[in-house]
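Only one chain is given next, in C-alpha cells, and it is the form predicted alone.
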C-alpha cells in the first residue's frame, strides 16, 4: 500500500527535458563515424551473437553440480557429471521438476515444458544449458 501511495508522488517530481530534435543522436553518431571511419567497419564485422560472453562447459558443469548438491534429497557422494536423476540419485518426478527449476533459476533462463520433461540426467541438463544462448 505504501508503494502505491509513493508512486504518484514520485511521478509528479520527475521532469523530462525534451530533446531539440529527433535526429540529434543520429547526427552525433554520424559525426563520430566520419572522424573514425574504421571504427564502424570494426563494429559491423564483430560477431553479432549472445555467445560473446557465453559460459564455458566447465563453468556449466560446476554450477549444475552445485545446484544438484544443494537439493535436500540428493546424496552428495553420488553426484557426478554422468548421474541420472532417478536411477543414480533416487529422485522422483517431482524432485526432477524441482531440480530443473533450480537450474533455470541458477542460469536465469526459462526452459519450455516439453524440453524440461526430457531433462532427466546431469548430462542432458549440462548439454541444454551449454547450448542455450541466453544462459548467464
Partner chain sequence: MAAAVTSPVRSEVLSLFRSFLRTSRQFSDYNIREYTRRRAADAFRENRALADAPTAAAAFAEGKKQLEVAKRQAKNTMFHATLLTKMW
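Residue numbers count along the first chain shown, from 1. In this text the structure is predicted, and so the values were computed from the model without any measurement.
The protein also exists as the form predicted together with the partner chain; that form is not presented, and the subsequent description refers to it.
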(message) Contact with the partner chain in the model of the complex for residue 58, defined as at least one heavy atom pair within 4.5 Å: yes or no?
(response) no
(request) Examine residue 97 and determine whether its closest non-hydrogen atom to the partner chain in the model of the complex is within 4.5 angstroms. (result) yes
(message) Would you classify residue 82 as touching the partner chain in the model of the complex, given a 4.5 Å non-hydrogen atom cut-off?
(response) no
(message) I'd like to know whether residue 88 contacts the partner chain in the model of the complex, with contact meaning heavy atoms within 4.5 angstroms.
(response) no
(request) For the stretch 96-113, return the residues whose heavy atoms include at least one within 4.5 Å of the partner chain in the model of the complex, in the order they occur. (result) 97, 98, 101, 104, 105, 110, 111, 113
